[in-house]
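To begin, one chain is listed below as structure tokens, in the form predicted alone.
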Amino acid sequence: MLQEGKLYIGTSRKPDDSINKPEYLELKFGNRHGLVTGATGTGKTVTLQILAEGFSNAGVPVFCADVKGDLSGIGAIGEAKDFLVKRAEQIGLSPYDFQEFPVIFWDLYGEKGHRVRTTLSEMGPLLLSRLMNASDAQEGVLNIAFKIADEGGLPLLDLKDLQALLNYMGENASELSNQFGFISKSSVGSIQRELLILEQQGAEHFFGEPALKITDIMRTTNDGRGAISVLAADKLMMNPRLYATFLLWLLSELFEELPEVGDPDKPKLVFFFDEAHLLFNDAPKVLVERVEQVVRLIRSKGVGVYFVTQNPLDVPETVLAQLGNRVQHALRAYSPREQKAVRTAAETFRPNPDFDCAEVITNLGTGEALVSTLEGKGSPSMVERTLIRPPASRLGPLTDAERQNVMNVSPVRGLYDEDFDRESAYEMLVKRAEKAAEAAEQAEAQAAEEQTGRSRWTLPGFGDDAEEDARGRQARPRSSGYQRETIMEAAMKSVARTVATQVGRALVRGILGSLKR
């Protein structure tokens, strides 16, 4: 039943409920992408689990998100539960062996896995605009901010770097508008408010260093199995836009960094995008076009992308057309939209004369699905009603102690667990601003001294004025008039004012707070 170069999914059934044949996903077509859909409770997570197990045993690294917390069990050996053993016997899976899989746990918050971060510079203005739900005008301002940072050699690593740059842009909007295009102070203010909201939602955990290296989610073990990177997303799902933006950023990084490999014998990495509807909900057209482009071209990098969602209508048609491997669990057809989803799902399969797809989709049991994968020269196989195989790893979550044990022996232990705050835009601007402020203070003091010297009053006859007149007044340099500030000089002064203001406000809040108590 287990064959070289193929991933066993389950065994199909005939209309009379007799066993038909095993259903496979050929590894050489694993980078042709896929779709796993179905209503809640129909078995999507188990399907994701057995696919991840199969790819791992074939030496293919896997990245997936653990939305509900129960996918973590893939890191522990399975248990012979009655319903699992019964399913194995029903589909002829013998022997039904249990095993644990090499897992690396990740978490944006660093609570249930190793910290995973990126920098603002790596994310770029497009994805940051998506994360902030920015308007066109605000996205334009963000693009200008990144342009100024690039030209000024100012690394944008975390949120405070961008805040410092936005402060400068707001105070010098008129001058910058002449060079870069119109900059609205209201747009700058709106972006700053959105950054504050992101910070309160925990997004500051995501931005910073050390940034995630793509090679660390593409590891293999000494025995040749692919490591399964599991992102703890139960808390992250409280901020769905951050979740979707993070996964899209990771997909974009894979696309940009990996070399072209054509069509390898097996994928270099398989990427599961769970709760895929969050990516496309209210997404601007340019972002959908970007996703379509990445999905279409990343296949040649050896990466397979599998979208997991409840409804096939959650995925735009342009992206749906790129997904060659399909696993369709049961759908409900109570509302008009659900009925349309059933028809859409049925029409995407290569028909099977033995049954009506649209009718079967609404009658599938838990752990049962319609399966069609690519075969031969890349054409889809005839759809089959399939009983999904039981997993070899644990069905259910790990305990906190078990999770910690896995992290203690992780190959990336210690690489990402501590923050590293190197000198970046904020620190550079503050340092230069302090020097500029010091120079300005000295110039102001010198000017005041000159003014005092010119207006000094002395008693007649004491000789001060006479002696000075005799010696001759020493020539002092005169100002040549107004000189235009450079962008960096203005930035220095702006940040200096901002820092001083923030310190002052902090002191006031401390004093008032003590009085109120």
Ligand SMILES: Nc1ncnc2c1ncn2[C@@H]1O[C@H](COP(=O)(O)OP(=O)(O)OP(=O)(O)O)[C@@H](O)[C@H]1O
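Predicted, not measured: the structure shown is a model, and the values here were computed from it. In case it trips you up, residue 1 is the first one in the sequence shown, and so on.
We do not show the form predicted together with the ligand, though everything after this point is about it.
Student: Please name which of the stretches 218 to 226, 123 to 131, 152 to 160, 81 to 89 has residues with heavy atoms lying within 4.5 Å of the ligand in the predicted complex.
Tutor: Going by heavy atoms within 4.5 Å, the stretch is 81 to 89.
Student: Flag R403 as yes or no: does it have a non-hydrogen atom within 4.5 angstroms of any non-hydrogen atom of the ligand in the predicted complex?
Tutor: R403 lies outside the contact set for the ligand.
Student: Can you tell me whether I388 touches the ligand? I mean in the predicted complex, with a 4.5 angstroms heavy atom cut-off.
Tutor: I388: contacts the ligand in the predicted complex.
Student: Check whether A58 has any heavy atom within 4.5 Å of a heavy atom of the ligand in the predicted complex, and answer yes or no.
Tutor: The answer is no: A58 has no heavy atom within 4.5 Å of the ligand.
Student: Check whether V261 has any heavy atom within 4.5 Å of a heavy atom of the ligand in the predicted complex, and answer yes or no.
Tutor: Outside the cut-off, so no.
Student: Check each of V46, L27, L35, A65 and return the one that places a heavy atom within 4.5 angstroms of the ligand in the predicted complex.
Tutor: The residue from V46, L27, L35, A65 that makes the contact is V46.
Student: Among the candidate residues P102, G302, G367, P312, which is the single one with a non-hydrogen atom no more than 4.5 Å from the ligand in the predicted complex?
Tutor: Among P102, G302, G367, P312, a heavy atom within 4.5 Å of the ligand in the predicted complex occurs only for G367.
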